[in-house]
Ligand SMILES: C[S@@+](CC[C@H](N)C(=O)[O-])C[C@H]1O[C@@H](n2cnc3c(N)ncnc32)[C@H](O)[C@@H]1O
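Next up: a single chain in structure tokens, the form predicted on its own.
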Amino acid sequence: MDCEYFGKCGSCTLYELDYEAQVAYKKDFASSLFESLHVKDFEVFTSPSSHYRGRAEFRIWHTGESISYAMGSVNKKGAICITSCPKVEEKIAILMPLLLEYISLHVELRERLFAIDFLASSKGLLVTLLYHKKIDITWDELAKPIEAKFGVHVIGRSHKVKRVLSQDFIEEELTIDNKNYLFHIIEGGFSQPNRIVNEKMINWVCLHVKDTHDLLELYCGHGNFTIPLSEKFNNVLATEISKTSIKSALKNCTLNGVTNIEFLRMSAEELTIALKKEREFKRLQEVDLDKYNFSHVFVDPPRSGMDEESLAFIAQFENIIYISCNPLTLKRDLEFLKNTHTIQNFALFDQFPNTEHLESGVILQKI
């Protein structure tokens, strides 16, 4: 990937290496980091080196009556104005200058605009304009032509205000194990930013899941892994703390005709307590936890990894599937789990080329 802002914009840090060298660098880093765990080999899943990111956020920089996109500078002092970003999916890259030009022509649209978020999928594009001022129906009338002109969906946000012009979601289609799945992704909810690598991650997990009964999933999001995996299990119990993500997950079950998943809006820590019968929760009054015969637990925690109590809980399971967005906390958690489990498969997923960020997947089996 070539970018005129390499060395100025702080978003990309491995720009001095070509993509093949970046992948080798990350694999070497993982080999060194996980050496104490005796990992013999990694499966490595790569990404396109440009136009791979379907979720992107840009600050808006005001200079007089003109506006520009802006990113944090490489020295972390202030921002750098940009006109393009080759990381983002092509539909975002094409829209960026056209959208900015249109907004620049309308004072009410550009005034106190501080950021623009883009959410792209294989089936559409959603744009959110964020303001440091109150917006109302007057803003709606000015912003509606953006949808017609560029074929996108537009949302306006300001403090405690959300203006939805047509819809506040996009639909994504992923191909997993030669089958197509539809996902309803609501604006503001978490979604995987790299569609191509996301498909590879889900396919990798599905390939390595064997001898199944029921699945327990913690941190399920909108069902990105849950729904394809549900075909491998008799029943699935999945938890997520985000109300937005649970709403999407329920919709996604309907879209895909899935009926064997039960979603709970609970934290991983709360469900751990409930399953250990240490406390009763009103949210579980209609749920029969005893009906499940879990053969696998699937976790995809935030960058902070898992708390020690939840780690001790999942260590009881025969099979653990761990997806990680932070190799350092993954290493810490695997050091805990190595006393009860062995690593069967270990994969590296390059969701974010040109950066040092690295996603991982680990399949563990009880000793």
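Quick note: we count residues from 1 along the sequence shown, nothing fancier. Quick caveat, the model's predicted, so the values are computed rather than measured.
The form predicted in complex with the ligand exists for this protein as well; it is not shown, and the discussion that follows is about that form.
- Using a 4.5 angstroms limit between non-hydrogen atoms, D168 is distant from the ligand in the predicted complex.
- In the predicted complex, at least one heavy atom of E269 sits within 4.5 Å of the ligand.
- In the predicted complex, none of the heavy atoms of L119 sits within 4.5 Å of a heavy atom of the ligand.
- Interface membership of E172, defined by any non-hydrogen atom within 4.5 Å of the ligand in the predicted complex, is ruled out.
- Contact annotation: the ligand lies within 4.5 Å of heavy atoms from the stretch 217 to 225 in the predicted complex, the single such stretch among 217 to 225, 96 to 104, 173 to 181, 133 to 141.
- Think of it this way: in the predicted complex, the ligand has a heavy atom of just one of T128, Q192, N252, S230 within 4.5 Å, and the residue is Q192.
- Note on contacts: among C81, V258, C206, I241, the single residue with a heavy atom within 4.5 Å of the ligand in the predicted complex is I241.
- The partner is not shown here, but in the predicted complex the stretch 283 to 303 reaches within 4.5 angstroms of the ligand through a heavy atom at D300, P301, P302.
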